[in-house]
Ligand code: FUL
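Given as structure tokens, the chain that follows is alone and in the form predicted alone.
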């Protein structure tokens, strides 16, 4: 029947064909004149990961009881013997008081000892020593994080100096991937799984006591690993070996002033071809990654500086706070974290557990009269989006614009110290260079923080005096402030401006 109908149409006079077929433009309409994306773009899970901003590292395990940083893998299971009942809930509430939004618990380091009752090896806490060895750290940490509405995930070392299988084809299929699947099953809402870059070397290896090397880029079967973990925990970013987020290039708690969410190391690469945002791992304490007797913690002021140089430079900060041999964070650590939380709250209005909103820093951008050099035609891309607190809305210019300015003016000049800018990264990282100027009399303009205003990205926090080390200072009494975007990869977009 269909063939006969088609033949009948084809036999019609050509002049009548136009009466039978109507050609329509099927190009997608853009009635809101939405800006085109500037590639590369992040995945949804990478955006959610970036929104976590500041979170904790908890290095705890066999090394806590051997006074080592890297165990060899031949440690007796009974050496793991907590002196008290490990309390992951105390870990979680302590870092929440510092303004953190989540944490990563180290549940397997290079020594291969696992802090959950895994089916993959007997080298785990079920064979530990003392009264408190059976506390399932993975389970309790996930439970505490959910209770206190904190994001969470696990560090699981790809390198295993204990396993006889390591370096063979069986290790990945019988040990490593099954361990990752076991950990993912502790919560489908995990935000990150952490894989260290140390891969291969000398070790116990089931008694072989030899050196084994692997090519990490292919050995761990990363595509299959990602697929299996994402099937269980779809928002879990695979850090390091998993290649969904990058090491920033140091362990000192800083990113470069220019930081792209593509490429590698501290600066990234504007021309990188895929989204590869940076994470900075740093120690809050003055010793190793694991707890060591007699260690202290850096000052709250130094930790605040780290925050400015990571979260404030388009990276995230994972700050290590190691539990001691009782399985809790030491009192000195807890008190310093509270002090840091107060600083973040009172200087940058970071929401902090148990601190009242009335004591938060005042965002003077909300009371400013704002003018812009240009607003994008069509759609909702106006000035109001700059201060509505919604990262999904944004101010935009027209497509052919690469330079633009935003001017904030106050009726009574406030004293300010920090400027915060954000781009809607779902449409790509765009801004390459900008400058900040202020005036006290409305006529004479002076430039601020001249040498550190380049990229923006997810978040940029600029100390207006140009110093991250002594950022608070006396501040500047300003009648007006002007942000000029000097160059951009595509039409500039700003989702939020805050002035503190």
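Residue numbers count along the first chain shown, from 1. Note that the structure is a prediction, hence the values are computed from the model and not measured.
Absent from the display: the form predicted in complex with ligand FUL. The rest refers to it.
Listed residues 430, 313, 110, 123 were compared with ligand FUL in the model of the complex; 110 is the one with a heavy atom within 4.5 Å.
The single contact residue among 309, 182, 281, 363, judged by any heavy atom lying within 4.5 Å of ligand FUL in the model of the complex, is 281. In the model of the complex, ligand FUL sits within 4.5 Å of a heavy atom of residue 289. Remark: residue 196 counts among the residues lining ligand FUL in the model of the complex, judged by a heavy atom distance of 4.5 Å or less. Contact check for residue 418: every heavy atom lies farther than 4.5 Å from ligand FUL in the model of the complex. Using a 4.5 angstroms threshold between heavy atoms, residue 139 stays clear of ligand FUL in the model of the complex.
Heavy atoms within 4.5 Å of ligand FUL in the model of the complex belong, among the stretches 432-440, 448-456, 55-63, 33-41, to residues of 55-63. Taking the partner from elsewhere, no residue among 51, 152 and 353 has a non-hydrogen atom within 4.5 angstroms of ligand FUL in the model of the complex. Interface residues of 237-263, taken as those with a heavy atom within 4.5 Å of ligand FUL in the model of the complex (partner not displayed), are limited to 251.
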